[in-house]
Every structure is written in structure tokens, then in C-alpha cells.
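First, one chain by itself in C-alpha cells, the form predicted on its own.
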Amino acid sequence: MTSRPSIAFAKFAAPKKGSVFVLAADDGGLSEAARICDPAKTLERAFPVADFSGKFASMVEVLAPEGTSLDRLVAVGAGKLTGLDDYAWLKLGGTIAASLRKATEVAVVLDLPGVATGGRQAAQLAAGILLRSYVFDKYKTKKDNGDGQNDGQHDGKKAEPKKSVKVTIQTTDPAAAKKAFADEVAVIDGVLLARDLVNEPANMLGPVEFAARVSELEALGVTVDILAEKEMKKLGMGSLLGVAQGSPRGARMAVMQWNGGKAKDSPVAFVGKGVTFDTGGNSMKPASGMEDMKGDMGGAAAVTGLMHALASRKAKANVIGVIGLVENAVDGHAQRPGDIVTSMSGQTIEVLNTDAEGRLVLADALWYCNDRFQPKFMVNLATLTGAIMVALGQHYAGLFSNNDELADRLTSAGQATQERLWRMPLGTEYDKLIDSKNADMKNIGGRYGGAIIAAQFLQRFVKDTPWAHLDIAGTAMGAPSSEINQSWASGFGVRLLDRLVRDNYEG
């Protein structure tokens, strides 16, 4: 198993051993602090040979550098210094983490000529190291040979965790860096929790097990209430329970409350789709790729990770998290195409496709959240439609909203964190496509505009409350790898929504 790097901060000093990473500007220039680590100037002599010019995330490495007792000396290109925003420092941290190899002791000299490299930059760099170092190998039993590859041998015992690498980031103000990192690592832990939840196989993480994981947030001061099927039935959640009725694994709704703001302040709310496995029900999915449907709870994972982050950093806001947890399975009790269910709102739904189940779960979760807590706004996240990937690919999530201010704030938070959103339309022309001759509405529309149709369906359950729907089907699981994530599960949404709360809703 892979152990998490340990992070420390210190003042500039020439390291005596281990691996040392220094930063180079886009002209290959090194700072004086970097040059102290390389008295023989082996790196600078290597630059022209390696055709290294300091391009962003490029690297040149010297093993056993002359005049030192170091294992290796590595220069990392920082690119154009005017472009070093928070996300760039995050990516540089990820680039360094990808090159740690078998190192057990690493120093990163965070210094560039003419560039501020204080506590904030050090914290972002450290966060990037942690994000990139994440590996989901919980169920591996083969011995690891230390470079991420197993040696093919099996002795029947669980693999021993690889020894943690100690990373010391040298900076001008270690105390400020440590303080900034304590805040940042709370968010990173939330991201990694979300990744863990999405990566878990469905036989290990059903609705009941997921709810138990949520209950662990009570240790951070989050108030957690778990609704079982009996309670949800009493509340009239026929839409959510209809999805769950084909599985022997009972449905749950997890309700999380973080009260970090003033008592008089209305809360903000986040709602997540938590389908722990989606067969499609009687509208069965094709076998190819169905194993990925363990990740159909990416929205619920993001909300859980967000609540972890907010509580860990003691956010000065009142925040609600609600997630509907079901398994969409097939047996003789599973709902059929053509069934009509009654939602908690009292509205009836004709279920024409049992694979359009996420919106049925969210319908009751949104109504419950709005009715009980009367929040300032609600944002729901869901791996809802393949149609959003047809429209946007896997680099943006779809954003639908009934409120321009909320949509703008979400978009800005997405730009800042590079968990990017693209606003999609809503309108009466689309809404009428889900009118049903047999019930108040049906759960699918026509062939076109599938992601919009799903959003229109959800809008019928939010009344006039400011609301946004994020369709994260392309970004929460199986998304393209990046400098800060090589995992199948990305944890998309945690950093984005933490930034939304931090920038706009904290006292």
C-alpha cells in the first residue's frame, strides 16, 4: 500500500542528503537559494545538454551531483512567472510528486528570482504533492517493490505500506506556510475522502456502509442524521424508494449539518446523488462498462468530502449536506417502466425508464432539504447523464441554474480551482417535454437534450429557492488524468464548492 507523504516547512538551508528539487524560471534562471544546493553548478551545466529552458513542469535531473552528498538534484521549470496562480503551484507540486520515486527524504527549495514564494505558495505546492500522491490500492495483496509496481509474488498476507517519504519545503516564512497548509490540507483531505468513496467497489460500499462512513464526520463536529426506509416512507419519499425497491440493500438518506456561522444565519445547502451501484434496473444497461457504475455516487461523495473539508477547517458558515443513498438493482420487486410513483412533494412521476433513476433520488432529497432547512440556496451534484459528456466532454461539468448570481459565483469558483463549469440552458420549451398524460410528469423526454431534460425535471422540486444543478458525469469518474490526479476517481466538486463557500458565504 502507498503511504501518504509527510509535509514539513523550514527556512532555506543547503540539504545534506536525499533528493533536492529546485525551481527554474522560464529562462532557466535559478535563485541564490537554489544555487547554494549545487556548488559545482552541475544543474546549470546540464541545462543546455538537456535542452532545458524552464518551460512549465519540464524537468532535468542530475544523479549524485558533484560536490554534494545528495542522491539527486532536480530542476523543475516554473514557466512564465506571471502565470503562477494558485492552480499553477498546485500543478508544480503534482509534478514534483510524480518524480519522487523511491526517495525517502526530499527537500523542495521554493524560491524563484523576483517572485513572491511565501506561505500561500508553499501550501499550494504541498497540496499538489498530496493530491498527486493519492493511490487507491486498499485491496492489493501483492508485495510492492517500491516504485508502484508489484513483483508478482504473493505470500497470502496484506501488502505492507510503503515507507512514507518526508518532504520538507524550504520557504521564506515556514510559520506562515504551516498555517496556510493547515487550512489547505483540510480541503485536500475532503478531496481524498471523496476519491476513496468513489473508488470503493460496490460490494464493499452500499447505502448502509456509505451512511456509516458519513457518520464518522461526527468526530469533526458535524451533526449527522441517518434516515432509514421506514422514516423515508413515512415522509412520502416514493420517488427515491422506488429506485431502491429492487435491491435487498436498504436505502438511506444522510443529513449533515455544520453550524460554523451565526445562529441567525440561514444555511447554504448541498445535495448529492448517491446511487452506490446502477444496473439501470429493468431498463438494463449494457454489460460493457457497467463496472464503472460503482461511481454513480460521485455527487454524494463530493458532498461528503465537502462537509469533511468545511468542518476540518472550521468554516464560518452554516452548511447542510443531504445525500440520497440507494442501489439500483434488478429482482422481482424492482420497479418497472410505466410505474407511477408519488414523490415527497406530492407530485406524481411516470417512470418510463428505470435507468433515469438519479433524478428520482434527487427529487425527494431536494424537496426534503428545502422543506426542512429553508436554505439560502441549494446546489446539487450528480453523475446524472451521459448526454452532458456528449455536450462538454470531460473537462467541464454542466451547470444549470435558476439564479444568475449563484451561477456566476459557481463559475468563478470553478475558474479559481480549475474544476470548471459551463452553463447550460433551461426553459419552458424543454420543461414541457417531461409532461405526462398519465401523471404530473415523466422521468425522461425525447431523444435530444437529455442533460437539459434531467435538469428541468429537478427544477420542479426546488420551488423558488435559488438552485444550481451540476452534472458531473464526465468529471467525477474516469476523467482525464492531470498533474494533480492519476486516480479513476477525481473528487471533483470538493475544492470548487469549498471555494464557493469561502469566497461568498463565510462570516
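Nothing here was measured: the structure is a model prediction, and the numbers come from that model. Residues carry their position along the shown sequence, with the first being 1.
Not on display, but discussed next: the form predicted together with a small molecule.
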Is Thr411 close enough to touch the small molecule in the predicted complex, meaning at least one heavy atom pair within 4.5 Å? no
Might Lys285 be said to contact the small molecule in the predicted complex, defining contact as any heavy atom within 4.5 Å? yes
Report whether the minimum heavy atom distance between Gly114 and the small molecule in the predicted complex is within 4.5 Å. no
How about Leu110: is it within 4.5 Å of the small molecule in the predicted complex, going by heavy atoms? no
Sort through 96 to 104, 319 to 327, 355 to 363, 133 to 141 and report the only stretch with a non-hydrogen atom within 4.5 Å of the small molecule in the predicted complex. 355 to 363
Proximity to the small molecule in the predicted complex, single hit among Val462, Ala468, Ala33, Ile444 (heavy atom within 4.5 Å): Ile444
The small molecule: the contacting residue among Leu426, Ala387, Leu235, Ala228 in the predicted complex [heavy atom, 4.5 Å]: Ala387
